[in-house]
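Take a look at this one chain, the form predicted on its own, written out in structure tokens.
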Amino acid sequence: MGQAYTPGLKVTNRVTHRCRRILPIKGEVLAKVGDQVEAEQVVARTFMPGDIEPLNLSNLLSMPPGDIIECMLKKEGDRIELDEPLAQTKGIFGLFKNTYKSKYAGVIETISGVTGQVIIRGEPIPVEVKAYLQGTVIEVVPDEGVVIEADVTFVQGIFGIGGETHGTIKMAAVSHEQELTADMITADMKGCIVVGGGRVWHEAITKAINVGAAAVVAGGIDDQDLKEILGYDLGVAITGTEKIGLTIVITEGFGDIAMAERSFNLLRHRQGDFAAVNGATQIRAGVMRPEIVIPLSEEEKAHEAESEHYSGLLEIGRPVRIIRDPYFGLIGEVAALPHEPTPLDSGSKARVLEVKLKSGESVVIPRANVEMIEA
């Protein structure tokens, strides 16, 4: 048997990439099929219902709940402005009236004569969806959004934090093994996607935040450094909503791990080019990996051949990363895919593969112990 399937990270010089840009609720789509869109261009927008503000007028005006309705100066559906009179008591013989002025602006949604409460719905919250990917609109989802397609250089990471951002690729490291330290971060990296090699230190990320970098990409990170950056232990299976000032993409894993040479060389080759980056990671059902997406120009499309490999296809010659001890983090190529299950040191049998490491050594390990680096 010459091939099998295994999950892996995609690292490729050229691939046709699509992304769906969808509103959370129905709204207005601003692009049409065939449009060329820029990363920061708004392609759809809507308004989310505003926050609700409950007011217990019965207590505020010191009166029974049943009397609230006849004291209202506004009715359901009316708009109320800040400090505008909302309700007024009848007073005694027309005197000593007590007036309540609204502390909120919005629309009166409900008035209850049972509870004495009035609910004001605040201003609608505008929501805009940007293209994120610089490319062509190939599909419009009516009232919801669009699908955008582009030929890109695509690098997936193993872990990230922070959401979508954009910038130009800026190499800080000169090799895929060089650690990213604070002294390598410079003022001209403002708005850039800063690329290191090996482990990134929290001091480097702090300095990158201070200079205004858009993102940091590195091979590895220590969990203690991550805690220093976030201020807490990250114990969730979904990331992407962190607000630390930039996005972080880790391509290999936790610890002193060098970036895969192929990933580093791809990013170095695209230095100075505009890229979209998303640090969102989900490790449970519906796996989502952080990514660096670099659109290709027409000239680059003419020179960059698209990968002939099928996604997920594990075959002889394909690059893989070992994800279990004792070879954790090592990169190599598939040298053989034996068909029959092979006895392991534990005494059990499993499907294995032979990996030729970059050192020249060949090791035989269970197929479950590798993650493919998709070319």
Partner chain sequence: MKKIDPDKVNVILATDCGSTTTKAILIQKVDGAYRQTHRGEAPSTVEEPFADVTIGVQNSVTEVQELADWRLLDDDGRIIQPATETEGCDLYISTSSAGGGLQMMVAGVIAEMTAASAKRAALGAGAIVMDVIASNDKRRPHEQIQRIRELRPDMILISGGTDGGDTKHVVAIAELIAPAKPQPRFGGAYRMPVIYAGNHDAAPTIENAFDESVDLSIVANLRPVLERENLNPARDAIHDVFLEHVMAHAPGYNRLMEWTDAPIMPTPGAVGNILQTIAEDQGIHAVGVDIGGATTDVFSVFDGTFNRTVSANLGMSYSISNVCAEATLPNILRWVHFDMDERELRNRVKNKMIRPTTIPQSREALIFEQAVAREALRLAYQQHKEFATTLKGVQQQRSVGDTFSQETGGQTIVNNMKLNLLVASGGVLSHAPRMNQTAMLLIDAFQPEGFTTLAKDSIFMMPHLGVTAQVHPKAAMEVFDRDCLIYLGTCVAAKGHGKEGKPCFSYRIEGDTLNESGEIMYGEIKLLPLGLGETAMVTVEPTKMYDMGAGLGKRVKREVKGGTVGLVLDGRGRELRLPEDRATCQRTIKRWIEALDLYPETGSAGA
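Numbering follows the first chain given and starts at 1. Note that the coordinates shown come from a computational prediction; the quantities given were computed from them, not determined experimentally. We call the rigid core whatever largest set of C-alpha positions still superposes within 1.5 Å between the two forms.
This protein has a second form, the form predicted in complex with its partner chain, left out of what is shown; the following refers to that one.
Given that its partner chain is left out here, which of 316, 42, 33, 344 has a heavy atom within 4.5 Å of it in the model of the complex?
Only one listed residue qualifies here, and that residue is 344.
Just to be sure I understand the contacts: of 176, 270, 207, 199, which is the one whose heavy atoms reach within 4.5 angstroms of its partner chain in the model of the complex?
It is 199.
Check 25, 121 and 254: does every one of them have a heavy atom within 4.5 Å of its partner chain in the model of the complex?
Every listed residue reaches its partner chain in the model of the complex, so yes.
So in the model of the complex, is its partner chain close enough to residue 229 to count as touching (4.5 Å, heavy atoms)?
No, residue 229 sits far enough from its partner chain in the model of the complex that none of its heavy atoms falls within 4.5 Å.
Considering non-hydrogen atoms and a 4.5 Å limit, does its partner chain approach residue 11 in the model of the complex?
Although its partner chain is absent here, residue 11 would stay clear of it in the model of the complex, with no heavy atoms inside 4.5 Å.
Find out whether any non-hydrogen atom of residue 289 is located within 4.5 angstroms of its partner chain in the model of the complex, and reply yes or no.
Output for residue 289 is yes: heavy atoms within 4.5 Å of its partner chain.
Given that its partner chain is not shown alongside this chain, does residue 142 nevertheless sit within 4.5 Å of it in the model of the complex, heavy atom to heavy atom?
It does not: once its partner chain is placed as it appears in the model of the complex, residue 142 has no heavy atom within 4.5 Å of it.
I need the one stretch from 167-175, 214-222, 259-267, 292-300 whose residues put non-hydrogen atoms within 4.5 angstroms of its partner chain in the model of the complex.
Selected stretch: 214-222.
Those residues of 315-346 which, in the model of the complex, come within 4.5 Å of its partner chain by heavy atom:
Those in contact are 321, 323, 324, 325, 326, 327, 328, 344, 345, 346.
Core fit, then residue 26 C-alpha moves 2 Å or more between this form and the one not shown
No; that C-alpha moves by less than 2 Å between this form and the one not shown.
Does superposing the core leave residue 351 with a CA shift of 2 Å or more between this form and the one not shown?
Yes, because once the rigid core is superposed, the C-alpha of residue 351 moves 2 Å or more between this form and the one not shown.
Using the rigid core as the reference frame, would you say residue 367 shifts its C-alpha by 2 Å or more between this form and the one not shown?
Passes the 2 Å threshold, so yes.
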